[in-house]
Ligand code: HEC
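This document starts with one chain, in the form predicted alone, laid out as structure tokens.
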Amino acid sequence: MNNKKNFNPDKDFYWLAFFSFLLFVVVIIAFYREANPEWKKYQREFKNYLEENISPESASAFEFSVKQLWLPELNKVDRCISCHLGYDQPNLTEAPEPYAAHPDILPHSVLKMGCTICHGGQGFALKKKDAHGEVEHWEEPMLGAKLAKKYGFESEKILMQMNCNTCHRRDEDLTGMEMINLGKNLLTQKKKCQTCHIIDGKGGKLAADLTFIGDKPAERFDFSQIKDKLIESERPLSVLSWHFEHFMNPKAVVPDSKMPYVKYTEEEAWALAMLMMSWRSVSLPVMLIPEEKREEVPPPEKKLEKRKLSIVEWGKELFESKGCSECHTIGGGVEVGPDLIGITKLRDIQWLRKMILDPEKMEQTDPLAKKLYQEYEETGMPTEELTLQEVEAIIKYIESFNKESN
């Protein structure tokens, strides 16, 4: 039996005509989309706005083209200005977005700095979604109102402070960076991060170096403990969210974390999380390095005042300023480390000197120091740069509590 179907020229002609027409339509759509990209739509609207609100002359002078800022010092290409067309025109301050003039924030210059160094996003893209960084695997989304809303922030400018601090890391207090300023202030208060972490080359070696923690990729963060919580709260599954949750409750994020629990408010936790994200390693051209503020040298009389301190008073000052009080109390009970009340009676003074001067070496070589290291969950004591005189002052201060308890 012959199962082959007979060739039907009429029927096949209609199918061939249908697919040919379909291909023709696809080609027409492709040509139309190529001739009318998204950026050109914004430029048409901008030209109409100029004609209706500024002058026919300014509208006729406007030319349709891809516009970009080439910034060789930053190794960046920003084509944001293909749509944000009024960025450098002061007479367009009242224009609607994306045509409004950029605010004048001296000494910053859009022409020298571009857009993405402050706002984030994908500078070389020409489609809105791509340019705003709303694409998979792009790690620098635009820090605007849409993203701020996802984190629960009312102002779109809050997130931008992270990028501001990438350049202004050394500034202690800067107008417009209130959240970052709060984070910096928290670092100088009780429970200093540098007790355990190295920051800018200084601090303890008990935990990760935070100097450039903002460069750490998302793949190296464990979200398993907080993933469901973030999804439920509709917050982004991001490194910023991870840092926030970790400051709120370290062990809820990393069950075996040795980081002590500090009762931060949500605002404080966000401030610290944003500070972590801002600490990135960037090569800045000279023009973008903020001028360093010189510290005022204290007058001679203030230096003389310190010399008048008794050795116990000096020891107290050192005990607090060098971070001893972050882990130890003297008569207040065990915190991160042991209570030091009566320690000068329990331990040999020479042993105490060595422990204060080089705790890491002692924890490796001294049996008693090793035992204490294990007893306190391997939370070692950070090494501080101290002179022998400073060590003696600290010991005298601790010893003074023995007399009070008698």
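Here the rigid core means the biggest group of C-alpha atoms that line up within 1.5 Å when the two forms are laid on top of each other. So that there is no doubt, residue numbering starts at 1 and follows the sequence shown. Just so it is clear, the structure is predicted and the values come from calculations on it, not from any experiment.
There is another form of this protein, the form predicted in complex with this ligand, and it is not shown here; the text below is about that form.
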**Prompt:** Mind checking whether each of Ile198, Leu240 and Leu309 has a heavy atom within 4.5 Å of this ligand in the predicted complex?
**Reply:** no
**Request:** With this ligand left out of view, choose which of Leu92, Ile81, Ile226, Met248 has a non-hydrogen atom within 4.5 angstroms of it in the predicted complex.
**Result:** Ile81
**Prompt:** Should Ile117 be classed as touching this ligand in the predicted complex when contacts are defined as heavy atoms within 4.5 Å?
**Reply:** yes
**Message:** I'd like to know whether His102 contacts this ligand in the predicted complex, with contact meaning heavy atoms within 4.5 angstroms.
**Reply:** yes
**Item:** is_contact(Tyr373, this ligand) in the predicted complex, heavy atom dist at most 4.5 Å
**Value:** yes
**Partner proximity in the predicted complex: Glu38 to this ligand, non-hydrogen atom cutoff 4.5 Å** = yes
**Complete:** Looking in the predicted complex, the residues of 218 to 240 with a heavy atom no more than 4.5 Å from this ligand, listed in order, are Phe221
**C-alpha of Leu50 off by 2 Å or more between this form and the one not shown on rigid core** = no
**Asked** Comparing between this form and the one not shown on the rigid core: C-alpha of Gln350 shifted by 2 Å or more?
**Response** yes
**Asked** By the 2 angstroms cut-off, has the C-alpha of His328 moved between this form and the one not shown once the rigid core is superposed?
**Response** yes
**Prompt:** How does the C-alpha distance between Val391 and Leu210 change in the predicted complex compared with the present structure, closer or farther, given a change of 3 angstroms or more?
**Reply:** closer
